[in-house]
Each structure stands twice: as structure tokens, then as C-alpha cells.
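Before any questions on how it binds or moves, here is one chain, the form predicted alone, in C-alpha cells.
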């Protein structure tokens, strides 16, 4: 294992310290329990809180700031944050308009956010993100929440910033989730520092189709083929799930898993955009880069969100976070 760390035990704390130093004008870092919150608290605004295991950076800590999250709770690598982190973060940022938890659909995240919500003494709601179409809708644990989470956090964050109430933010979040589908492919596994070796074995001439963001195995192992052919598989699954109408406006997000260069991600974007445009879908917004990563995994995911005028307005609204910023 080759990693720029001092010790397995200290890597998360030291990384969060560095993040807080680098972005001290935007966020502040609370130690024990760990959470990151906006530096300038807005009054009487719905507070948005998300979180999950470390290793997906910049999700979620890099999305704390004006126009997105009010707080993010990082757990250990690929491990859910604890209820006390979520509760303390919520109490720190709640300012009279209630709390909206944005939760990726993983058993540990769901359970711990539910426990925190039960202990929270203020109005609260939860948006559950389950955009991974590599799993069937009737899967025993439901579909996983993956790269579509960022899109939910951006659109709902802008609505909250504009003064939308808790019920409206919850309704909008559910609408974005229902309009979003994602699927990914891995070229390599990833190495969790505490494990010291790749999460799964994959040969140089294989890819993992439908991989999760925690190094989980996908729906099948396939032979490595061209980018266009891999995109066809991913985009077809998304298209069949969302069933977009012709002339439907959409946001296309190509998300890198951490070790794939932008040159390749933009190639994937071009191929995916052609796929959807040939089917009459209008790609009106885009996002390309490493946003929901899986440590040092090579590969990417494709996310399509079907957009209406309200969602476009909130996507375009000003945002100022470590990872996303425009209109400021």
C-alpha cells in the first residue's frame, strides 16, 4: 500500500485539519464529535445536513457552504458517522426553520440518521437518495445512494438559501431523487488504509460493471472494452430506468471515482451526451470531475437528472463551497 499518510489511525483527523485550514473562509471544523459546518450561519433558514464515511471526498465536506449544505458529518473511511455527530451538527446549525437530513441509502447511514432525528428537538425531515440503477428497485436493501447525492444537495441547498420552508425542501429533494439515475463502472478496486490491500481483485483486462462507491462488487465482471461500449451499457440502464420523453431537458454528470484523469472523464461525457441526444434528450447542464469518489479507485459513473424550470433555476443559483462555486 502506497499512500501519503502518517498513520492509519490519524489519517482522517489530519485530513480534516488540512481541509479546515485550506477553506477557513468557508467552513469550520468541530472536533469530537467530528463535523464540518458553514462559517457564516444564516438566520431562519432550513438547515441541510448530510454525511457518510470518509473516502468519497469532496462529498460531503466539500459541499458545505453558501447554497448547499450547512453541515456534513464524516465517519471513518467507508463507515457511517455516528448519531452523536449528526445530532451535534444539527443542533449547531439549526436556526429556527428546521433540519433536512440528506441521506444516502446505506443501512448504517439510514439507521444512524434515524437515531439522531429521533433525539432532535426541532422540526426535521429526511430525503433518502437511492439513484444507483445497477440494483433493481425491489432489491432487499433498496438501491444505493451514489453520485446523484450532489445534485440533490445543490438543488435543495439553493431552495433553502432562497427561503423555502422545510416541507418544500423535502418535497423538492424527493422530486430530484425521483428524477435522477446513476450507474458506474470500475477499472480497479480501491484500497482502504485500515485494510492495506485492494477491496476486491480484478485483472487488467476486466472491469466491474455497476460498482458501488464503497468498493462493493458490481452486478457483473466484464472484459475490458472501448469507452463507447462501456458508456452504452451504463447509459442504456439509466435511459431504461428514467424513460425520459423526447425534448426532455437534463443534467449530465460524469463522476470520477478518484483515479481516472479528466481527459478520460470528458471523453466519457462526449460519448454519453451523444447517446442521450440521439434519443431526443436535451443536455442543458453538465458537471464533470471527481465529486463522489471511492478513494483511489479508477473508473467513473454516469448520472442523468431530468430537469424542469424550478430545478434549473436552483442548479444555476449561486454556490460557494470548497468543491462547487459559481455565481458568487
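Note that the structure is predicted; figures quoted are calculated from it, not measured. Positions refer to the first chain, counted from 1.
As for the form predicted in complex with another copy of the chain, it is not shown, yet the points below apply to it.
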Interface membership of residue 227, another copy of the chain in the predicted bound form, 4.5 Å heavy atom rule | yes
4.5 angstroms heavy atom contact with another copy of the chain in the predicted bound form for residue 67 | no
Taking the shortest heavy atom distance, is residue 52 within 4.5 Å of another copy of the chain in the predicted bound form?
-> no
For residue 206, is any heavy atom within 4.5 Å of another copy of the chain in the predicted bound form, or not?
-> yes
Counting only heavy atoms and a 4.5 Å cut-off, does another copy of the chain in the predicted bound form sit next to every one of 261, 273 and 288?
-> yes
From the list 47, 36, 300, 63, which entry has a heavy atom within 4.5 Å of another copy of the chain in the predicted bound form?
-> 300
Given that another copy of the chain is left out here, which of 187, 93, 164, 128 has a heavy atom within 4.5 Å of it in the predicted bound form?
-> 187
Taking another copy of the chain in the predicted bound form, which residues along 1-36 bring a heavy atom to within 4.5 Å of it?
-> 1, 2, 3, 4, 5, 6, 11, 12, 14, 15, 17, 18, 19, 21, 22, 23
